[in-house]
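Presented as structure tokens, the chain that follows is alone, the form predicted on its own.
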């Protein structure tokens, strides 16, 4: 599509815009958790007023919209072959208020799940959704500028940049243009564009954590010898709780669990989110654990984010959202550990 001109939705019209969309399809967006004021999660909006545009970061990333924590794969009985659960919902919905780092996370999973054989459940759910991005303000954990996601727009249909009295709206697809037809907008002028650019400059200036080496060099650094002391020192603090993985927007490891009927007549198999930091993650049927030591699991996580998948997809599988550091019960900070690794590699070299 030809890139259309940017538009402005005045604040007074934005609620009506959401109500018009919600009248036709569900809208999922960030809303404050009733059980924990000040914390946010993506959930279906019952009213336009439920949308929390000023949220910092949700505890769990919006990937859960497309990959449920627990998904039924098939059922089985003693007397019949497994019956695959391939009946997917096809009804459309809108995912609203996605920050650039989380858009990058969805884009990363689009790439990973499209590798043959493609992941049909993710693809089916992604096909249903229209994505509306929203620019944000960083906190002390954010480091999106270090991984190049601060201005990411893929794969959104519309993108909103907050202004003093509304939003500057970028249209990135035909689906986004169709959504925007429901809004009362005006053409963005030079002052509007300048205000949006000022927002972006202030956002970048507010991001403090920095890697001591370019992110594209970290894969090489992780292959340098002599880093084991850093892994072991970090592991001495780690509880192997898995909070870093379960809050990460790009982790996609899973486990298979069979629920068996009490009378053993049959059951069902489910796929659940899993974490490479859990002790049993690399345990195999023979009883051998390929990463039985905690430092090996800690090392694997950094290598997964910045080495293995970087080599495969030519991009780090970290979006700079900072969720892992926020959620860590031991206060382990990803950027701090990365910089210790960089320093150790430089010393080794």
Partner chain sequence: MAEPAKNQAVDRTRIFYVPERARVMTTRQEPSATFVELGFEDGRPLNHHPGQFVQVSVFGYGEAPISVCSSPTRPESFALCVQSMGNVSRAIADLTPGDWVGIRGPYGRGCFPIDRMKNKDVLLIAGGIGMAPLRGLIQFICDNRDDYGRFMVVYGAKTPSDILFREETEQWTENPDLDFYRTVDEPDDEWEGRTGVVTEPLKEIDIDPENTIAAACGPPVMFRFIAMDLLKKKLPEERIYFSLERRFKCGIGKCGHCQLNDLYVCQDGPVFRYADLLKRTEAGEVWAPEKDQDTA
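Values in this document were obtained by computation on a predicted structure and should not be read as measured data. Numbering follows the first chain given and starts at 1. Between two forms, the rigid core is the largest collection of C-alphas that superpose within 1.5 Å.
Missing here is the form predicted in complex with its partner chain; even so, the following discussion is about that form.
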Please pick out the stretch from 163-171, 69-77, 180-188, 201-209 that is in contact with its partner chain in the model of the complex, where contact means heavy atoms within 4.5 Å.
69-77
Of the options 232, 217, 153, 137, which one has a non-hydrogen atom that comes within 4.5 Å of its partner chain in the model of the complex?
232
Should the three residues 147, 213 and 349 be counted as contacting its partner chain in the model of the complex, with contact defined as a heavy atom within 4.5 Å for each?
no
Is there any non-hydrogen atom of residue 96 lying within 4.5 Å of its partner chain in the model of the complex?
no
Consider residue 284 of the chain shown here, and say whether it contacts its partner chain in the model of the complex, taking contact as heavy atoms within 4.5 Å.
yes
Determine whether any heavy atom of residue 288 comes within 4.5 Å of a heavy atom of its partner chain in the model of the complex, and answer yes or no.
yes
Determine whether any heavy atom of residue 197 comes within 4.5 Å of a heavy atom of its partner chain in the model of the complex, and answer yes or no.
no
Sequence-ordered residues of 125-164 touching its partner chain in the model of the complex, heavy atom within 4.5 Å
126, 127, 129, 157
Does residue 204 shift between the shown form and the other one by 2 angstroms or more at the C-alpha, the core having been superposed?
no
Residue 76: after superposing the rigid core, is there a C-alpha shift of 2 Å or more between the shown form and the other one?
yes
Rigid core aligned, does the Cα position of residue 118 differ by 2 Å or more between the shown form and the other one?
no
Against the shown form, C-alpha atoms of residue 90 and residue 267 in the model of the complex: closer or farther, for a change of 3 Å or more?
closer
Thinking of the 3 angstroms or more shift, are the C-alphas of residue 113 and residue 83 brought closer or pushed farther apart in the model of the complex than in this view?
farther
